[in-house]
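Take a look at this single chain in structure tokens; it is the form predicted on its own.
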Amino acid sequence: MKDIMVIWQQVLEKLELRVSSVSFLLWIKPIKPIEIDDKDNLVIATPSVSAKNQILRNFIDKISECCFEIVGKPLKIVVLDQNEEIEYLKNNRVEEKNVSAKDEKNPFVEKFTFDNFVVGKSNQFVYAAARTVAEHPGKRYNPLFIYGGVGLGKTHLLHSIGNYIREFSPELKIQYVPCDKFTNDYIASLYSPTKNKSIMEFRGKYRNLDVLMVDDIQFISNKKETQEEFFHTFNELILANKQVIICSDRPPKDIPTLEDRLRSRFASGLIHDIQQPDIETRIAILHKKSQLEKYYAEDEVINYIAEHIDTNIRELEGKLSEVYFLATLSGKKVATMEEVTDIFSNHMEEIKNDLTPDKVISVVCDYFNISYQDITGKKKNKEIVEPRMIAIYLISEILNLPLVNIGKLFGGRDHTTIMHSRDKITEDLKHNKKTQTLVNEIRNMLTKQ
């Protein structure tokens, strides 16, 4: 059987297409694979009891399905919380085995290189900065902080930097780590039976590096002790002229409960965003995908997909894969507009038939982590008002519900209030990048419900 880390990466790629982007980031991505034992149990660990309950309640069947598709036989999924993981590792002694397996292999996706990254107006500045950092680690743009919405290429750039350094500066010690993994490693060291030794080992692992790359740093919010530890790790590396690269879905100023001293440290280097690709870049991305994957498609197909999918690159490439797959089922070697028409018409009809105002409101609540009662109630604080206006806008635009009916959904508000909310978001979408990102990501979640 394949290595556990290889299998789990393939499972993640399938799960990302089957759950909402928020669910994937909040619940699926933080999962740590432990082992597949000799009884065909896939043991996975979650960072908390609540995370374990979420997985068991909402995602265990999807995980089982994806595992079956990858390994060709059913696996029993064993889900551990944070404390159960520590006990399991102590009793079964699998931690050292998995660490060595990771260290032996390239931790970076080999196809994620600078040569395979399509550069356009939306990302040319960040691309240039990432390339400079890869060529001169620790000397310019330190730290480098990249932010942007889901599926816009942040992870591709991180892996490109990693692959470049491994090829041209193999003597450098480089570590790529999702923020939740850094947090879990730190917590595990605190709860270890040999606490002092484990903490020293943890610090040695992350502070004796030439390049540290941390993905999804936004998940460090609300974790005071982890922020404290990361602050000292960050300082030690920067003072030693070691390179630090950080990725997030938002700029430091928008990460809630992030300590001011960390915000200040992040701002000492270069902070820049990746924006949504324009139509020309989307077309170029699809041509690159066709070339790499040998997906043969008519130019009209490429142009149509690029015009109609503007949410993120992952969705864009996924739609091309879907179109080409349908063509191969029909015995064709080249995808045509016939497949495009079938997929897009079925997709839109399914969305329209399946969506209800309640579903739209629920997805918005999940995205912003607020309650249904708050968004439909009388609260007027900013944390509630913006999500409420976005929900109103989406219900009006997608479901074309009368304003009076929408008002009834939101605590009996009159139609002029609903009209104001709808028009405010409509106007913001013309020039406000943050609003564009929020609405597009939520709309993307709705299409995957």
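Only a predicted model underlies this, so the values are computations on that prediction, with no experimental measurement involved. From 1 onward, residues are counted along the sequence shown.
The form predicted together with adenosine-5'-diphosphate exists for this protein as well; it is not shown, and the discussion that follows is about that form.
*Asks:* With the partner left out of view, is Glu317 within 4.5 angstroms of adenosine-5'-diphosphate in the predicted bound form by any non-hydrogen atom?
*Replies:* Within the cut-off, so yes.
*Asks:* Looking at the partner-bound form in the predicted bound form, is Pro137 within 4.5 Å of adenosine-5'-diphosphate by any heavy atom?
*Replies:* No, Pro137 is distant from the partner.
*Asks:* For Asn123, is any heavy atom within 4.5 Å of adenosine-5'-diphosphate in the predicted bound form, or not?
*Replies:* Within the cut-off, so yes.
*Asks:* Does the 4.5 Å heavy atom contact test between Ile361 and adenosine-5'-diphosphate in the predicted bound form come out positive?
*Replies:* Because no heavy atom of Ile361 falls inside 4.5 Å of adenosine-5'-diphosphate in the predicted bound form, the answer is no.
*Asks:* So which of Ile246, Ile285, Ala130, Val323 reaches within 4.5 angstroms of adenosine-5'-diphosphate in the predicted bound form, heavy atom to heavy atom?
*Replies:* For this set of options, the contacting one is Ile285.
*Asks:* Just give me the single entry in Asn116, Asn184, Asn142, Ser169 that has a non-hydrogen atom within 4.5 angstroms of adenosine-5'-diphosphate in the predicted bound form.
*Replies:* Result of the distance check: Asn116.
*Asks:* Based on heavy atom distances of 4.5 Å or less, which listed stretch (366 to 374, 228 to 236, 147 to 155, 263 to 271) is in contact with adenosine-5'-diphosphate in the predicted bound form?
*Replies:* It is 147 to 155 that comes within 4.5 Å of the partner.
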